[in-house]
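Only one chain is included here, represented as C-alpha cells and corresponding to the form predicted on its own.
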C-alpha cells in the first residue's frame, strides 16, 4: 500500500497533483458560476501554443506560456464584450488558432524538450523541483488574490452589470482573474496535460454544487475535492500504469456520478417527507398523493 511513497518521483507527483487539483477546484467555482466552463478547455490549448513558441524562442517555459495564456484570456474577454460575438465563438477562434500554431511549430522544428504526449496527457514522472516551486507560487498567489478580492470576485461573478454600476472595477477584476487562471493552467500542464485541464477545473465545482447551495461551502468543497482527486488519481495511476491526467479526471468523474446519485436520492427523500406534512382535508377521502 505504501510502496509508491518509496519513490521520490511519486512523492513529487503526489504533492504537485494535490496542489494543482485544489487550485483548479478553487478557480473552477468562479468559472462554472460565470458559465464559462469552455474557457478552461480553450485556454489550455492556447497555453500549449505559447509553450511551444517559448521553447522555439529559447524563452523560459513558465514565463513564456504564462504570458501567452494571459494575453489569450484578455483577448477573449475583450472580444466577448462585443454583443455580436458569443463567448464560445471567441474562445474557439483564439485558442484553436494558438494550438494550431504550436502543432505547426512542432512539425516544423521536430523538437520539443517537454514530451508531446506528456504535454497533452500529463506525466507524473516529469515533475521537477522547479515545477513544484512554480505550482506553490501560483497557489499562494491565487489564494492571496481570492482572499483579498473575495467580495469583488463574488459581485463580478453573479452580476457584473450591477457591479459595474456600483463602481466595482470589473475590468481589473477580470484581468486579475485571467492572470491567475493562465498561471494555473501553465503549472497544471505537466501533471494533467492540455486535454485534461478543463475537466479538472469543471468537475469539482459541479460536484460541490450538487452537494450545497452555499457559495462559501461550494468553494471549500470544490477545493477539497480537487485536492482529493489529484491525490487519489496519482495514487491510482501508479497501480494502473495509466496517464496521471487521465486517471485524475476519471476519478473525479466517478465522484461526480456518486454525487449525482446522492443528490437525486436526497431530492426524492425530501419530496416524500414534504408531501407527508400536508394534511388531507376531511372531505377529500380517497385523495392520496
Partner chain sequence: MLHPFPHKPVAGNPLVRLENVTCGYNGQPVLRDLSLTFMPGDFVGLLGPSGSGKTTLLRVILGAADLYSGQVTVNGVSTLRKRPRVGYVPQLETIDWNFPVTVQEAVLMGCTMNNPLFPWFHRRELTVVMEMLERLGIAHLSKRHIRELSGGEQQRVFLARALVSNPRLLLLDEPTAGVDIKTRDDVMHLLHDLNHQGITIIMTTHEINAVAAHLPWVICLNRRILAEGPPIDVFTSETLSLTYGAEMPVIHYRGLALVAERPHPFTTEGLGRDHLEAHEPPEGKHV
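Quantities reported herein were computed from a predicted structural model and do not represent experimental measurements. Numbering follows the first chain given and starts at 1.
Absent from the display: the form predicted together with the partner chain. The rest refers to it.
Contact of residue 151 with the partner chain in the model of the complex (heavy atom, 4.5 Å): Taking the distances in the model of the complex, the answer for residue 151 is yes, it comes within 4.5 Å of the partner chain.
Close approach of residue 169 to the partner chain in the model of the complex, 4.5 Å, heavy atom: Contact with the partner chain, yes.
Any non-hydrogen atom of residue 157 within 4.5 angstroms of the partner chain in the model of the complex: Answer yes; at least one heavy atom of residue 157 falls within 4.5 Å of the partner chain in the model of the complex.
Residue 33, heavy atom within 4.5 angstroms of the partner chain in the model of the complex: Yes - in the model of the complex, heavy atoms of residue 33 and the partner chain come within 4.5 Å of each other.
Per-stretch contact check against the partner chain in the model of the complex, the hit in 125-133, 96-104, 211-219, 70-78 (non-hydrogen atom, 4.5 angstroms): Only one stretch qualifies here: 211-219.
Whether 238, 256 and 258 all lie within 4.5 angstroms of the partner chain in the model of the complex by heavy atom: Answer is no for this spot.
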